[in-house]
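As structure tokens, one chain now follows by itself in the form predicted on its own.
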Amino acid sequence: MTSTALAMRPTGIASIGLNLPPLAMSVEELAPLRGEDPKKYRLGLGCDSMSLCTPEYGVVELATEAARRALDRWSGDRDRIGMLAVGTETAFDMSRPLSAWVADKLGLSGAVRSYEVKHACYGGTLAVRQATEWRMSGAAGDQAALVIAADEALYEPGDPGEPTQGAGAVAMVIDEPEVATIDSVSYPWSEPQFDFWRPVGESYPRVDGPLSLDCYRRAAENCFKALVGTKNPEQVLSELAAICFHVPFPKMVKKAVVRVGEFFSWDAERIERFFLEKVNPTMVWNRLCGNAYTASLWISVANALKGLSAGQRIAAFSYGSGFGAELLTLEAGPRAAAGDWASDIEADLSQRRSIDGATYSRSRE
């Protein structure tokens, strides 16, 4: 088959695997530790639970298990994996990529392009785009890519971001689009800002909360503006079965939806209906695991794709502080309806152990 013919082959998500860590704590347990009303976290932020890692089970284990699950669901041969890209901001080393730890555990070596992608929470999406464009270009030949978005979001005790903490991983094999086709056209937007960053040698991020919220909303407005173009926004957005967002916390997503709706001159009632119908249902898993940085958007996408009929379309808005953003569209494939990757979340939620505030406080000492 010629490179031109290979480039014309449909490309997208062939399989999905997810993984959540073994511990969790409800935001109701955190609130009294910080002298706050639990309603501030549950209603004010929209948070429910925080997924938490252990010393024995961190970002490498999360990424590896999600990858194993994705590979087990893939009909292809592992020898066809020619790219391993890990999007993360929970890096172990400034030189050795996180993909090397994952590849070691998976036994992937040889003619494989293996690397790490960093751009805050946007890194996983960049890895997906790189893998997709590699396949679409024809340069991949008949090879497939394994893309993983994995992170542990942990804040300094007492930090305002603490109730939004979480962790998780999503792995996708980029090959024939059995789960979803990823459109070759996307809508990026970036501006250099210091809204969220973590200097070398520091354990916790620095955050300018008001600036970060403004950047996030501005990015959403510009990306959706580009998607709609000169068309009627009602028509363009109504054709989408779901609209996924990066989820730092659910109320931040709601604020971005309001900004987008106001740009399109919608009234408050129309914005609320749009949020409840198209956006809110995609965040069910995010509320249970908290912010997982690079994995956050793709947890929402995995949720939205399950149960869709072939041909139904969704949008996915990715944001990473610094800042970079991109809006993608995906079309469900024949395996989306089965949504077999949902069993990963069900298994992890049933097996994870809930801890109380006292146990959490000891773990953060």
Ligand code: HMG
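Everything numeric here is computed off the predicted structure, so don't read it as measured data. We number the residues from 1 along the sequence you see.
What comes next is about the form predicted in complex with this ligand, which is not displayed.
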Assert contact_stretch over 328 to 336, 305 to 313, 43 to 51, 25 to 33 against this ligand in the predicted complex, heavy atom within 4.5 Å, equals 43 to 51
Looking at the partner-bound form in the predicted complex, is G161 within 4.5 Å of this ligand by any heavy atom?
-> yes
query = Taking the shortest heavy atom distance, is I271 within 4.5 Å of this ligand in the predicted complex?
reply = no
- Contact of N291 with this ligand in the predicted complex (heavy atom, 4.5 Å): yes
message: Within 4.5 Å, heavy atoms only: does L213 come near this ligand in the predicted complex?
response: yes
In this chain shown alone, the residue from W285, F249, Y187, W101 with a heavy atom within 4.5 Å of this ligand in the predicted complex is F249
Only hit among K255, K118, R78, R198 for heavy atom within 4.5 Å of this ligand in the predicted complex is K255
Applying a 4.5 angstroms cut-off on non-hydrogen atoms, the residues of 87 to 110 near this ligand in the predicted complex are E89
